[in-house]
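What follows is one chain in structure tokens, specifically the form predicted on its own.
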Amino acid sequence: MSNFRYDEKTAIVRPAGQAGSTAARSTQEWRALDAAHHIHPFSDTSALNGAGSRVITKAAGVYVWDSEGNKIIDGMAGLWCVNVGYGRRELADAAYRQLQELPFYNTFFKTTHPPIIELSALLAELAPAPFNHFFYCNSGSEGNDTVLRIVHQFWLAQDRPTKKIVISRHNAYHGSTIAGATLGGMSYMHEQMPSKVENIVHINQPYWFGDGGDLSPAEFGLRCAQELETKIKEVGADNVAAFIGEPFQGAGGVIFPPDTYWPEIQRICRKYDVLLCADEVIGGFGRTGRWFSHQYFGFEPDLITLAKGLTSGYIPMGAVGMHDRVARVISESGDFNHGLTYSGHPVAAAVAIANLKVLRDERVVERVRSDTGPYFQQALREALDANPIVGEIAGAGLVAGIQLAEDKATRKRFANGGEVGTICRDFCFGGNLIMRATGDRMLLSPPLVITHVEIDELVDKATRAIELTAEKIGFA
């Protein structure tokens, strides 16, 4: 320990004598280096380099600071992931201890290690009763690749090799790998991939505000779910391996399906012997006020994809949880020929354990369900229901999608919805708030440790950004 010390302001372990690299360069120097050497994800590189990237230098609680000293409230918990907030020393301690004791060893070749054993046992304790087995990877994208491998192994092991087709949804997001992006239903990502994974087809999303027409939400939810049955019949039940969906769509716009949707999806999957896979990468670990968002929607999947909140984003890690009926088949089917160098990385596992203990022991999830979640949802609606360009507010717990619309009564969306969302996002940027735009839907998903006072600040800043947007486009 003599060669390292903690920076007490950030709980970051630094080499002794180093004050931190954030004092070494100016914002302009960082931006120049970033433009010279760094290609950003999901970005127009030329436009970004021309404008200059925002340089984030530190974080604590629900706030981040940029290199100009601006204190910014993080309404997106990083990328939906920093559930316990920034600067938790317990997680830094866990990483440091594990780095000293066993910084790495693989889980191949009949080998394991204590952190991954303990994490697996803890996950089995926290997950619903049928989930007792977990396979590890580095991200949600890799997790959904793994889901495909498990699904195919499951049916091959039972001598049903024709069951290969996986059904997903348009405007779904299941990651950025070739397999994850093929599973996802975002057309602009598909355009970038002339080579896609075979045997993946899509049905429509349960987006009532945009697509519901004259149907009630309940009627629309049933109609969308029944598209799954239609697709299964079209391609043949003996050819369908699985259906995958996010319990609520995250990157697609925080779209919450009608209450009738998921029970009908489950009924159809069971009727046709199709595995039901829940992508819990965003919804898992407390976001809706339940440990897992499929519990909020009242259905029981066969596989769950986990990441993000598993470590609160402090270190990369993903996993797939298997229902006992799936794990039994996989365990008894011989070699499962899939894995990654860092599957079950000991440092990631140690951080995940520390993170999950914070969520459990501080009863963070219960507080989201009974206190901060309802407070957040009510505060948003009280502030925005009367706004002329807010069509709906969807969400539960500490996640919300705010639909910007031309006419709330008729559910008419802006013809230039993406432009309106970008305008609003830019007002957020200027107001020291991180709120994401997906087309004309504004998204919020703050750290689960946010307080009432911080929720008030978040809602005030979001309201102001939307008011300024309304003024700019002539709706004030």
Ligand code: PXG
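Note that this is a predicted model, so its numbers are computed, not measured. Just count from 1 along the sequence shown to find any residue number.
Omitted from view is the form predicted in complex with the ligand, to which the following refers.
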Judged by heavy atoms and a 4.5 Å cut-off, are L79, E246 and V281 together in contact with the ligand in the predicted bound form? yes
In the predicted bound form, is there a heavy atom of the ligand that lies within 4.5 Å of any heavy atom of A251, even though the partner is absent here? yes
Test of understanding: in the predicted bound form, would T107 fall inside 4.5 Å of the ligand by heavy atoms? no
Is there a heavy atom of G397 lying 4.5 Å or less from a heavy atom of the ligand in the predicted bound form? no
Can you tell me whether Y173 touches the ligand? I mean in the predicted bound form, with a 4.5 angstroms heavy atom cut-off. yes
Which residue, P206, G344, G184, G140, has a heavy atom that falls within 4.5 Å of the ligand in the predicted bound form? G140
So if I measure heavy atom distances to the ligand in the predicted bound form, which of the stretches 159-167, 273-281, 223-231, 365-373 falls within 4.5 Å? 273-281
Suppose contact means any heavy atom within 4.5 Å; which members of 297-328 contact the ligand in the predicted bound form? K308
